[in-house]
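Shown here is one chain on its own, the form predicted on its own, set out as structure tokens.
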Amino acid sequence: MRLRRLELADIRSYDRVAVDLGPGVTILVGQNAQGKTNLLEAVQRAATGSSHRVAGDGPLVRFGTEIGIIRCEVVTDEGRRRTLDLEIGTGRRTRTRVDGQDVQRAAQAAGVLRVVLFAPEDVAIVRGDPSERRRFLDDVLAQRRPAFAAARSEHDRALRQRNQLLKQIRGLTGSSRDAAMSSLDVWTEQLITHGTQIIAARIAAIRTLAGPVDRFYRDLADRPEPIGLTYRCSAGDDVDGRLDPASSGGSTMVPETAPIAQAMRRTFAARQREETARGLTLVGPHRDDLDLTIGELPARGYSSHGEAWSLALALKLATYEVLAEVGDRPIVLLDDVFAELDTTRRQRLAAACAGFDQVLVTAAVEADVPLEGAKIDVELLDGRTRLRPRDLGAPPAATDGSVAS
């Protein structure tokens, strides 16, 4: 897959700009705070439905404006040209169009543009809270299996309803409490139904990622310690998140869903009193974690800076491989990554990039990037970012009216 053209209007520091991108490597060069990351963030938002920097769309819209526009023209692996248009704003529903047609649900746009982004913030996958690792898995699954996003949305809706009911139950007595508890059982079953699908999909993703992550880590870090990935389920140890070909049938990575549902049902029953006392759902995929180990030690608490970076990068490189197995090969986005690596790791990452169809790299210091490719200078002028394709000697990349609105 290749991103052929990107157009932005009122996105972060970009007022109105368009840039044509070729295959291979494109390096965005500019000092810090010029708008390089803003460009990659826009691509990430269009592809995955979320930013790697902020939770909502509000900060993506240029200050002083109400609506921001992202337009991507894509060429698939089969040579088909497609378009993806987003209109985003604060306090309004995002309007999404695929190939010129409005879509009602974001899941319908999943897979049109596929990306793998690595940024300094991604070290939090290794060292941060469980929510970072859950989001990593869910981002992989949403691009690999577009239906996953719908299941996650249904689960989150049921979770909100159940949490609201749990808070209400704390203040109820008698028949009112009995009626509320009956309603709680309904929402519990909804959570089990959707949660089981999410947990099974996450475990399958871990089993698929395990081999490539271990291989990429050994290559990047040049270390012999094996990398371990284990899914820690809040429903208990009955849910096996490790790869065991003997117990998983040998030919499939997807676990059976019935044992997961049974484990969730037992744990909900065991923790019902605690949940009603706290007014909070304590069981489900929103409470799970991905354990990462380097050798025998937990990576979160014991990895060095270099080890954490190598493991986080290995996770993202493995994501590329896993996504490429199903559908178009994704575009790789590297946000100021080379500056954080030593010379050996830079060379090894550069060697990995040679196998990707398209790579967009940002760098404050051009010499940090041991890659050959097109170069675009990025500069902030009067509060607005301008792009200057260096090799063409052209004026700043811009557009007059070509951005969809």
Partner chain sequence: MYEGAVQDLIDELGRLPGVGPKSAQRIAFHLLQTENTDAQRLADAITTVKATIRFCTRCWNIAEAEECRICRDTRRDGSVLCVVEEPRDVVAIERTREFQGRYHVLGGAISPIDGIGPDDLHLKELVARLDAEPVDELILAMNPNVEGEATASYLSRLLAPLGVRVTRLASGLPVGGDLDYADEVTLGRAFSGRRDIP
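Bear in mind that the values here come from a model prediction, so they are computed numbers and not experimental data. In this text, rigid core is short for the largest set of C-alphas that superpose within 1.5 Å between two forms. Positions refer to the first chain, counted from 1.
FYI, the form predicted in complex with its partner chain isn't displayed, but the following is about it.
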Distance check, S183 to its partner chain in the model of the complex, heavy atom within 4.5 Å: yes
is_contact(I260, its partner chain) in the model of the complex, heavy atom dist at most 4.5 Å: no
Its partner chain contact in the model of the complex: E189, any heavy atom under 4.5 Å: yes
4.5 angstroms heavy atom contact with its partner chain in the model of the complex for H305: no
Listed residue (A150, L172, A210, A124) with a non-hydrogen atom within 4.5 angstroms of its partner chain in the model of the complex: A150
Among the candidates R278, R80, R160, R92, the residue which, in the model of the complex, approaches its partner chain to within 4.5 Å (heavy atoms): R160
One stretch from 162 to 170, 322 to 330, 293 to 301, 72 to 80 that, in the model of the complex, holds residues within 4.5 Å of its partner chain by heavy atom: 162 to 170
C-alpha of L166 off by 2 Å or more between this form and the one not shown on rigid core: yes
Large Cα move at V115 between this form and the one not shown, threshold 2 Å, rigid core: no
Core fit, then L191 C-alpha moves 2 Å or more between this form and the one not shown: yes
